[in-house]
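Quick heads-up: it's one chain on its own, the form predicted on its own, in structure tokens.
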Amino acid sequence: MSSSHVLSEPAILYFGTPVVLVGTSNEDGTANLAPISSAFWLGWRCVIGISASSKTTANLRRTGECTLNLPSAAEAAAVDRIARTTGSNPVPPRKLARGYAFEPDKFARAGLTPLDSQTVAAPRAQECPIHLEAAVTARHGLADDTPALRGQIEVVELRVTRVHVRPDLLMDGQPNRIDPDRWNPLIMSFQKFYGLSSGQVHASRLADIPESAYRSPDVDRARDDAPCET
């Protein structure tokens, strides 16, 4: 059978993922905030992909913790204000070549408000509708089998220790369920910002499975995570 598809070699394969603002603590106690769009979740675990030379990566290695702040489509302008900035000084050569500039106060530049966390020292971004506090559990390189890419990208596994949700996103009468019809995440697809269209496009048989069937032991474990001293 013949195909109507053609071969293509896109330079990037960013088919559409949610934007995440990763909050970390610098050596001097100040905050760093970095937008990424390489992230996915399973249970109460999140996996992110990030440049190995970034300030966020250095902070993750040193502190072993972060916050994951999820902007909605309404926060796109704030995210864009820090899209080509870095907390690294001097700016790494690869980022410098792409027009990045050093920014010591990402929260101020984005117009976002730092908010204390409960289990980590890293701050949350108040304006984002959802905040996750998280601890690093594993790290490894990505594309290390390609000499030209070896050591340039890290994949970080994070265990979520707290979830903070704006109340209007929760299902009525169900404080532990986020209503997907109320949550409109900011999506990046091929370097451009998008939101979700309203309503489901098709019924889902997966939705017939109760969410509780997927409940992870990490939920109970997170209750035992000690509050962070402030």
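Source: prediction; values computed, not measured. Note that residue numbering begins at 1 and tracks the sequence as displayed.
A second form of this protein, the form predicted in complex with a small molecule, is not displayed here; the remarks below concern that form.
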item	value
Region of this chain that lies against the small molecule in the predicted complex, out of 110-118, 139-147, 87-95, 126-134 [heavy atom, 4.5 Å]	87-95
Three-residue site I36, S51 and A83 fully in contact with the small molecule in the predicted complex at 4.5 Å by heavy atom	yes
Distance check, L70 to the small molecule in the predicted complex, heavy atom within 4.5 Å	no
4.5 Å heavy atom contact, K106 and the small molecule in the predicted complex	yes
Contact of T161 with the small molecule in the predicted complex (heavy atom, 4.5 Å)	no
F193: touches the small molecule in the predicted complex, heavy atom cutoff 4.5 angstroms	yes
